[in-house]
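In the structure tokens that follow, a single protein chain appears in two forms: structure 1, then structure 2.
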Structure 1
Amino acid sequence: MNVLKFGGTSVGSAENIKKVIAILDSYSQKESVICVVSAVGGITDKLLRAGEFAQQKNESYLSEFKAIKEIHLNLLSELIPIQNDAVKEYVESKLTILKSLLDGIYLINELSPKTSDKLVSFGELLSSYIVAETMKSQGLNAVRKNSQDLIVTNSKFTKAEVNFGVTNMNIREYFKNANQKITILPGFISKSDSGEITTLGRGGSDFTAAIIAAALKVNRLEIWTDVSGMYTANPKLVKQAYPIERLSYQEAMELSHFGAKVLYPPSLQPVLVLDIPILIKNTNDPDAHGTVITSDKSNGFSKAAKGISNISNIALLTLQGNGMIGIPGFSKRLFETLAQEKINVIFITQASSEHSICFGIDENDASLAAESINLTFENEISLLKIDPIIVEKDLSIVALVGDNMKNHQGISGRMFSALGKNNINIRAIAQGASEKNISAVIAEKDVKKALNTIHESFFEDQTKQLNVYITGVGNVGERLVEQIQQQKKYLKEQLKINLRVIGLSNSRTMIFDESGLSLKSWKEQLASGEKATLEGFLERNKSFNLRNSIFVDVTANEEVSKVYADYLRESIAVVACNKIACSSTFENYSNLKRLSVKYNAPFLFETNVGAGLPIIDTLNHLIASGDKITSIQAVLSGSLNFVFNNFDDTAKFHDVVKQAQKEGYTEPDPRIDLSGVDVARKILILARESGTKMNLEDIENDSFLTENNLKSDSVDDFYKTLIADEAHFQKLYASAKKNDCQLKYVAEFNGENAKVGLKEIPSDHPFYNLKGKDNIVMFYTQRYPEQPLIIKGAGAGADVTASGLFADIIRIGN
């Protein structure tokens, strides 16, 4: 004998009911089967809603009823196409009774728990009837038996308790004499000893099946649903979740208690006592392995944590006060009060100081709980010994579950540090002494992120997902997107990084895809994207609330640089090639650094100096390893190199600058390069990263330009002054030539002060042979006192800058 239970989704459509019948048919070829069915998917909710409406004198109950009626009649006509009047009449007569019941509720304006049970019982009664009649119409040897004749309970309506003595006897008696191959029974519903309709609690069809399986001591109980077993986390919230092959009863109990809906918690009890294995199977994929749940605890040694579950709508209540310390009886009175009000406590923690007790309950019970507790402790509250109870709402519990967690160190540390890194604030923690379960109370809005974060940390082959938001898709940004697309596969396979671009924006439009944009067609998508704003971009980022998020600024825009702080405060990392933030006031720079530490969100800007060259990273590593920077000498401007490499007595200075601008080596306003401001910003950043508090004004800028050049108030005007002052530039060149030197624009930092300016470089100096747009940096440190650490290479260009940004993103991944 086999006992199979099919849930609401399994009987939710004609197509699925056909699958159910095929499964039952094939089982019944070998031995007889007992099949427990839920109401058609969604019907229990609809019935309850119709009841609520009717009770509130809201005529919407009629449209709910109409929908319920249509769903069942449509199923019938699809499943039994050849008109069977008797069957149709039966269903219609049941629906008529249902309608009268609802009308009654509407008239008297009242819905008692007793009537509610009567109301919802129609769901399972109808579904079981339709399934049985369909089977009969196909010539199968099936009989429907009403479970209300078998399962006897007390009169605790909506969640009745089973009288196992009578129930077991009824079940054994009935099946002893039953000779049909297939028996269909409605789940969830039962009858009190005085003959009233009762139900076993929401999700109770599992329980019905377990009661029958236990009464008949069958070899195993099969729960058929719409997923292939109990997953490592709710598959609707965690995409990477996968079915767990084996679980112990305790693990399944913990997981289902904390919200893994596949199994209704009490349903395990009857089968657990008898050591009957439970198999969870998928109606849509009968060949999938599914999950086997047994008493065997040894199956988990390879993996300490087995799954994560979550439960929503939690309110956290805290009772605290100095009057509680060392005085016994507070918790007893507290929990007695809750018990009297029949409030289920889901979660408890007490600090060892005994100064407070904190517990989690269903949010719907919160006001009742608060009122009755304040009443219980009225006296102590009025004497200021304890505070009125504190209620916090909009919370959820996430729990990591596994029998063998107790044998492994560091599991809770890993769980909480993963949550912390993603800025998920933990309101309370509980870990049972048995260590089968570590639970944390967090804000409802963080649940998805928390589940995914913990899942990544415990169940995913260490593949890390990075979620990137890029703003600015000009030259450099475009290359970056290309590089990401090209390297995606490599990153996944070799570095175990799953890099996804979630948002893209330019100054006009922006686009998003929570599961990763398709990078093949991003340009077309962006062209027809929604209107871009900086606030909108941040808001979307916040609303997705994905773990390991990175904001990438590929603009040179001051407004964009002002939003970094907002991102960091959300624990979103910031990667920027925009130099403005790091070369703004020291206060702003250090504030961003502080936020980065505080919110555990990296702030990386390697490309601010020398494009893709690993200059800042090297500097940071030197300092982190205990070295001290004594001085820095550098050539940091690709534009000025270009200019002075091409300028001699055969060329006019004006023409060379024009050419540099034309070829894209200077900023649109060449004065920013030629005045030395850009280089000053770069050495400022290096000085700050070396640990010196400095501002741009503190940098000595010994300009090689003439007063006229510097006073020009437009780019055109500037070019005119270059022509007028040609002699000045020729003089600079002649002097260098006479001394057998090259002109280079040099930035220097001596450990305290910094300066920038044009220098004559002798032929034995490392700067002498610097070609094209190359940059060079020489670090003199305590460990490199005479021979400096030198970094040299292309210091400008879209490709190298994009790869520098890319490297920062990967650094965060690692």
Structure 2
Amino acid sequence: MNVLKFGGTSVGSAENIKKVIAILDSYSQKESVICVVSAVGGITDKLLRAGEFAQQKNESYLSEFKAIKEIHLNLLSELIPIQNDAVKEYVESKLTILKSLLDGIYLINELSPKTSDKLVSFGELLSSYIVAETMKSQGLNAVRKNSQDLIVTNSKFTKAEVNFGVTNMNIREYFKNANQKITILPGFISKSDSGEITTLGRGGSDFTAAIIAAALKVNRLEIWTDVSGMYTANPKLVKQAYPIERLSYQEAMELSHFGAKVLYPPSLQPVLVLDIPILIKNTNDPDAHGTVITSDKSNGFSKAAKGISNISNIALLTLQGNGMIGIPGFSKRLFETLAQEKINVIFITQASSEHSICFGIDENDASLAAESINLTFENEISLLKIDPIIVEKDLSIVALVGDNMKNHQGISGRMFSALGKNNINIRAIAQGASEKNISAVIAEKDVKKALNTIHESFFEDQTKQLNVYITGVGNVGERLVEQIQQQKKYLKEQLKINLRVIGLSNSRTMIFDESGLSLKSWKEQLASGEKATLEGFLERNKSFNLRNSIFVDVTANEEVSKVYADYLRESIAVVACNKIACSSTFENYSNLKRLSVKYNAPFLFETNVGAGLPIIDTLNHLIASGDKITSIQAVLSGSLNFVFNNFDDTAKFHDVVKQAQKEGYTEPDPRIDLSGVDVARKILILARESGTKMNLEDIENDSFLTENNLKSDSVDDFYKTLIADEAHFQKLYASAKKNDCQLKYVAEFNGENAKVGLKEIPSDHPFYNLKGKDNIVMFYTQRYPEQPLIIKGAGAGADVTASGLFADIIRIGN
């Protein structure tokens, strides 16, 4: 014989009831089946609400009753559309009795626990009748048996205690003589030994099923719901969560206590005592394996942790004071006070110093708890021995659960490290000596991020999710998005990085998708996106509060660079090809570095110097390994190198600069490149990364431009001055040619000072044969005193710059 229990969602619609019937029919082909059903989803709440309205003399109870009536009659008409007069008449008669009960509550404006039990019993009585009659109409051998005839309790209304001696005898006697293949039982309801209607309290339908299963000593109890078992985490908050194949009773109870709503463990006590396995199944996916719960603690030994759960709306209360140290009895008085007020304590932790006791309760009980505790300790508070109770709200508890965690070292460290890296502040910690549960109190706003972070660390084969927000999707930004789309599969399979682009912005519009934007149609989406603002982009990033978030700046905008600090304070990593921040005041540069460390948010800007070349990364490795930079010589402008590699006595300087701009090697305003300021910023960044305190004005800039060029008011005016001063540029070329040299714009740093300027490079110098838009950097260090460490390659261009940004993103992932 099988015992199956179907919850409210499983009988919440005609479609779902048909699925239930199909499952029962399948089972009954092999052996008899007992089915316990809950009220139709949402009906119990509606009944209670109708009762409360009636008690308050609020005629809204009539609207609630009308909704209850319509739901059941609609179900009936969908399930038994033909020849259902007798069935409909029975249901309407029960609804008439329900209406009379509500009218009575309204007239006397009183709703006692006894009346409340009678009121809510209508939910299960109606649902079980409809299911049974539907099965009969389909020719199935089904009978509804009223659980109130079997389960006998005391008269403790709303949470009656079962008389198991009488109840077990009733159940065995009934089923010994029952011939039907399918028996439908209403869950939750019972009768007292004096014949009054009672209910079994929270988890009552599970309790009914467990009582039946235990009395008949069946092989297992099946709980059918709307999910395929108990999950590694709440699948509504953690999309990567998956069903747990096997759990021990203790693990299931821990997960259920901490928010997993599939089970209410106390209601399953009858089967736990008899070691009857429990199977959690999905009505909507009956072929899914589900979760098996047994007494076997070796279930799934390969994983130390089995699942993560959480309880929201927690208040954390702290009793503290020097007067508590060494004085016995404080804990006893504290918890006696809470018990007297019927306040349930969910979480407790106490420092070994005995200076404080911290505990978590439901937020709704916080005011009453604080008032009662302060009254209990009124004398000690007045004598300044202890402080008035401290109350913190808007908190949640997250718990990592598993029987085998005690056999694995470093579990708690791994959990807290993962949370800390994502700036999730832990307010309190509790871990029992059994190590079945590690709990942490965190801010309610961080719950989703915390669950995803822990789940990623323990349950996702070390795949790390990166959530990227890109501002500035012009030439370089577009190539970056293309590279991400192209490499997405490779990153996931080979590097275990799940890279998602969550937000995109240009100067006009911005778009977001918390689950990841489609990179196939992002241009179309962005064209019709919402108006872009720096504040809006940041706020959306903060509101999503996703783990491992990265802000990518692909602009040359000073205003964008000013918001880096705001991102870092939110533990959001920053990747930038924008040089303005790192070449701004030394105080700002240092502050960004400090914030990066403080909030554990990487601040990477490899593309500030040399586009995709690993210049800054190499420099950082040298410094980190204990080497010291003695000097740096470099050609750091791909655009200037392109210009002087293509300029000679057969070409006009104006035309070469125009070509460089057209091919994307210069900024839209070429004065930024040709003035040498861009190169000065780059050598400044390298000097700072070498450990030297320096500002942009400290760098000597020997400009090769004429005074007319430098004073030009616009880009067009600048180009006119280039034409006018062509003789000046030809003179520079002629001098270099005469000396058998190449013109290169060189940046130099000698360990203390830096300068940039145009130089004639002789043929035996490493810079001489530098072609196209290439950059070259020579690091002279204590370890490389004579032959420098040289890095050389393309230092400009959309593709290489994008690849440099991409490399920084991957570096964060690793």
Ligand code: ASP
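Throughout, rigid core stands for the largest set of C-alpha atoms superposing within 1.5 Å between the two forms. When a residue number appears, read it as a position in the sequence of structure 1, where counting begins at 1. Just so we're clear, the structure is a prediction, and the values are computed from it rather than from any experiment.
Note: the form predicted alone is the second of the two, structure 2.
A displacement of 2 angstroms or greater separates the C-alpha positions of D117 between structures 1 and 2, with the rigid core held in common. The rigid-core alignment places the CA of Y242 less than 2 Å apart between structures 1 and 2.
Once you line up the core between structures 1 and 2, the Cα of R688 stays within less than 2 Å of where it was. Once the rigid core is matched between structures 1 and 2, the CA atom of L62 is found 3.6 Å away. After superposition on the rigid core, the Cα atom of N163 is displaced by 4.2 Å between structures 1 and 2.
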